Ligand code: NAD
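Next up: a single chain in structure tokens, the form predicted alone.
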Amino acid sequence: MHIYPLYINGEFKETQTSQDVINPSSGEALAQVSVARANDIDLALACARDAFDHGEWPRLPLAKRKEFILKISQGILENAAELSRLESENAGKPIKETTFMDVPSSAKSFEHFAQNLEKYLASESLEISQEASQAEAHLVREPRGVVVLIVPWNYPLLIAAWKMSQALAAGNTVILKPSSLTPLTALALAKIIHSAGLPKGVVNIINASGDTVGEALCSDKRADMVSFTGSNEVGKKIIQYSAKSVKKLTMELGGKSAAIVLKDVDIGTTVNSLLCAVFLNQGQMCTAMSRIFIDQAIYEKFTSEFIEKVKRIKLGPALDFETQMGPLISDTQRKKVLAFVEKARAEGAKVLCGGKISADPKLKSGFFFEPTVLTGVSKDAQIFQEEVFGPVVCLAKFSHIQEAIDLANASNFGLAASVWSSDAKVSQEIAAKINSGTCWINTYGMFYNEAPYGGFKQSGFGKELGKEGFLEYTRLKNIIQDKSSDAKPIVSYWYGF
């Protein structure tokens, strides 16, 4: 069985300890991966720190830095078939998704931030004139230093690409820690980065459980920033760890996203769109529209068509191009999803379809769960308030728009939402009242490298993507020069000597 090594200081390193990586479609071991120990973490921090403080990467001409990052983008495209296969096998994502979405989008992230780093890093000068003095403030964007990137298991390659492309383009050195459930494409990316010829220590990729290395990485003063995407529970621990050495954080901590469907929609188009918004990637998405509020005038028709199409979703192994929904990431996650559904039943919810482990004998070895639709869910119910991270959606009707807005906002999360209506003005008015960092109108899941993404409330803080996301990975320096006409700054007169 192939063993994937760590990547530290420009070298591939096998360790004495390794772990099996499981294929969720079959429940069988797919590969083995080296597991980082305390000395490996220390080495990665030391090398990243040295590469930033004394190495060439932060000091390279921007055009040269751009060339390196474009090589990574090209390397992803050249290895696209292998990366797609690996991502599907390791994460259970249908091969159609990894082939046409995840892998090309990862390459595009590196390309975009390479092509725009000079624009995003442009300095700014401010002329300041006050009564007795004049000055010029020169605002300069600098890299933060050593950035720890912690990536979840639901989009292992794409979220790694988002974070790393921005961090590197800004001039930082990085330590990437993928989820120990899905480390394979991150470690395959190490080979692409190595081939691109980046200086030693600029990129370090390690594998270990978060419980093992989380505190060591996030509390260490050699790290200047932590960019984390994952659960709210783990995010709170990272905030505590990072407080020990006071560092910059960006946190994307999940969601309980809502869709509002008005009565003027094309029902067929909206149903098809919301199937994707709920069941893409088996519902294992922070932005999954897991609560759908439908105008009572079309509720029965919408629900009937929605259920009919949910029942036609084809479950299957991730590598089958006919598969529309693959397995959940693990048996542990499947048990968690099942527990949510059973609790919802106990609290009075009605299961309209699904709600159980697939009975298909061909799928018995994998971690499959049927796409599930619930109704009759109270806004105080656990499944209404908490993130399931599985193929489960709650449908409810509303009688007036403000009721729908109130229901959408009745959550501790504020990551994303969507509004479905043929009335552009009304859609914009609703979007303005929804408490979420992203609100799509008549679409879902449109992430653009040019536009920022990030949540409100318990969904975290900071942005990814766009100029705003890029600048999270920089620090702003203000260089002030006195420009008094007589070359004597007013401060020189203070004591009158």
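None of the values given here were measured: they were computed from a predicted structure. Note that residue numbering follows the sequence shown and begins at 1.
FYI, the form predicted in complex with ligand NAD isn't displayed, but the following is about it.
Of the residues given (Leu415, Val203, Ala186, Ala259), Leu415 alone sits with a heavy atom within 4.5 Å of ligand NAD in the predicted complex. Contact annotation: of the candidates Gly316, Gly254, Gly390, Gly355, the single residue with a non-hydrogen atom within 4.5 angstroms of ligand NAD in the predicted complex is Gly254. Site residues Val151, Phe228 and Ile238 are all in contact with ligand NAD in the predicted complex, judged by any heavy atom within 4.5 Å. Though the partner is left out of this view, Gly210 does reach within 4.5 Å of ligand NAD in the predicted complex, counting heavy atoms only.
Although the partner is absent from this view, Val419 stays clear of ligand NAD in the predicted complex, with no non-hydrogen atom inside 4.5 angstroms. Interface residue remark: Leu249 is not counted as part of the site for ligand NAD in the predicted complex, having no heavy atom within 4.5 Å. Residue contact check for Val351: none of its heavy atoms lie within 4.5 Å of ligand NAD in the predicted complex. Of the candidate stretches 104-112, 265-273, 152-160, 378-386, only 152-160 has residues whose heavy atoms lie within 4.5 Å of ligand NAD in the predicted complex.
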